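Only one chain is shown below, in structure tokens, and it's the form predicted on its own.
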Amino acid sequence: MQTSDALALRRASEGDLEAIAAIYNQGIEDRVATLETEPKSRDEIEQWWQQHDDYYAVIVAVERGTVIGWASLNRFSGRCAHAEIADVSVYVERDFRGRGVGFALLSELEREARRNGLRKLVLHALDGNEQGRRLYGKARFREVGVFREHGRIDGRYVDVVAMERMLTGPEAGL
């Protein structure tokens, strides 16, 4: 896994679930990274964890022994036609956003996805999440559409941008 002087990336373990939940719940509170509006409990995070394995990896970013971000490859669909596609989640602790942690996590997820033979990564970003959209653009995701009024946050409808990153074929080198 990739490391620098202060930042280390590694596979997540069950011992990281409390930190993963705390960081995810920050994303829910901030209302810019997910359509979820209620904090996730430890039980809900453990159920989510059970859906991940070597193929659908969860990576954590650690600085000075503290988990400061996480990213995961998630099942896109149960249909066999979509077996080579994964949905991506990336969350970074508030105090560490804008410092390259998200990009490092996305880069490591891409390496994991390639090792596992995936051909495409997809994600859905809230239209108003400008920082996230810049991050995804830097990681060579491209916008493929907008779901208008796709969800409701605090009583208002929000648009969701669909993005993809090809890992094989002619578009992979974009």
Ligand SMILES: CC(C)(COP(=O)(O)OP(=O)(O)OC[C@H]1O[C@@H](n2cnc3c(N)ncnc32)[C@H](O)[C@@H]1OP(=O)(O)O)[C@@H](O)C(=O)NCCC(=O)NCCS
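All of these numbers come straight from a predicted model, not from anything done at the bench. A residue's number is simply how far along the shown sequence it sits, counting from 1.
Although not depicted, the form predicted in complex with the named molecule is the subject of the following passage.
When contacts are judged by a 4.5 Å heavy atom cut-off, residue 86 does not count as touching the named molecule in the predicted bound form. Remark: residue 122 does not count among the residues lining the named molecule in the predicted bound form, judged by a heavy atom distance of 4.5 Å or less. Within this chain, residue 140 is remote from the site of the named molecule in the predicted bound form, having no heavy atom within 4.5 Å. A residue is said to contact a partner when one of its heavy atoms sits within 4.5 Å of a partner heavy atom; residue 99 meets this definition for the named molecule in the predicted bound form.
Contact check for 33, 92 and 135: all three have a heavy atom within 4.5 Å of the named molecule in the predicted bound form. With the partner left out here, the named molecule still marks one of 143-151, 47-55, 114-122, 101-109 in the predicted bound form; by a 4.5 Å heavy atom cut-off that stretch is 101-109.
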